[in-house]
Ligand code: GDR
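Below sits a lone chain in structure tokens, taken as the form predicted on its own.
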Amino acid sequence: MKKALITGIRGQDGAYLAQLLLEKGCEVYGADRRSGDSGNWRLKELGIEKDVKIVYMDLLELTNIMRVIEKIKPDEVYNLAAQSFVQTAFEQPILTSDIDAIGVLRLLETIRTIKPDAKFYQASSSEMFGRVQETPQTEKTPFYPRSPYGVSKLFGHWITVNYRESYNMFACSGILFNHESPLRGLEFVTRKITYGIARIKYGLRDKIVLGNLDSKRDWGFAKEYVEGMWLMLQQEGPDDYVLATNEAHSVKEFVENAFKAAEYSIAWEGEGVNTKCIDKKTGKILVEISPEFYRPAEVDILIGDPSKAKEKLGWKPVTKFADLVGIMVEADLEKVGMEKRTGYFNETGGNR
């Protein structure tokens, strides 16, 4: 039985990847830097919490990483752990860099020393493109990160390439564009929108406050993207791949599709920070804009070309943008409905 180690097991991608690997017959270990199971709601929702073996590992602690790799001796390592909130990265740039950049190096150096034949996947990010130099972005597009998060991810990306070329390690980077699901954290704008709309629908809040509505992103379904991660490590040789839909949609479009899925008829008023989304039926304000949620350096548009992944991996996105938004709204309406019936309100937006 193949052994796989996933860092970032508590996250959206970690949960979906664990589910996929278990279906493939792997023995799955989930690296977790926290104790207790209060944050394992995603594994519980997928019904796999008892099938994933949790090990305690922190990318900030080299000796801890070494002990875990020595004990498990994994065949595949998927590094999904990160300080992944762009806004937080501006507030905590040093911590973000230590985790997202040097953390990758600690992990690679440990694998090189202890288990050099292990296959390694690094979760790179479309945020590395930042101020885009060409559209759409491919594996050959020059990088221009616009946040400490993007810069840190760029180090992680290039150190993975360097270890592959220097030590002949099977090390891949997946440059994933935005990928969402009902398991997305509430800190991300997509779940902030869908979960917020569900709470508005059930009379539990009045409105949602957002930032830049004009930012455009390439949004796909996370469950499909983790299959791309797995496929990268099943190839004869290591390489880097863009996973994306090759379509860009604005935050404003996401809001419009989400309200439509929740059966609202809306209208927009005002411009810039004075923009408001109005319920046509009641005249109530459903969305307001706050400068608080604007980034110091904005990334205006990201759109990826997954042609290489389609050709070499046989991977392609299936779920369309409007369908993805609908899936998320439907799931959050069900969650919030259960919360209202039971009186239990879960801050994670996940059921227990």
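Don't overthink the numbering: it's just position in the shown sequence, from 1. Remember, predicted model here, so these are calculated numbers, not experimental data.
Omitted from view is the form predicted in complex with the ligand, to which the following refers.
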| property | result |
| --- | --- |
| Binding-site state, shown form vs the ligand in the predicted bound form, superposed, 3 or more atoms under 2.4 Å of backbone or C-beta | open |
| Interface segment, criterion being heavy atoms within 4.5 Å of the ligand in the predicted bound form, picked from 265-273, 194-202, 278-286, 213-221 | 213-221 |
| Residues 149, 178 and 295 all lining the ligand in the predicted bound form, heavy atom within 4.5 Å | yes |
| The single option of 102, 132, 86, 231 touching the ligand in the predicted bound form, heavy atom within 4.5 Å | 86 |
| Single option in 164, 157, 184, 119 placed near the ligand in the predicted bound form, where near means a heavy atom within 4.5 Å | 184 |
| 4.5 angstroms heavy atom contact with the ligand in the predicted bound form for residue 189 | yes |
| Close approach of residue 76 to the ligand in the predicted bound form, 4.5 Å, heavy atom | no |
| Partner proximity in the predicted bound form: residue 125 to the ligand, non-hydrogen atom cutoff 4.5 Å | yes |
| Partner contact for residue 324 in the predicted bound form: the ligand, 4.5 angstroms, heavy atom | no |
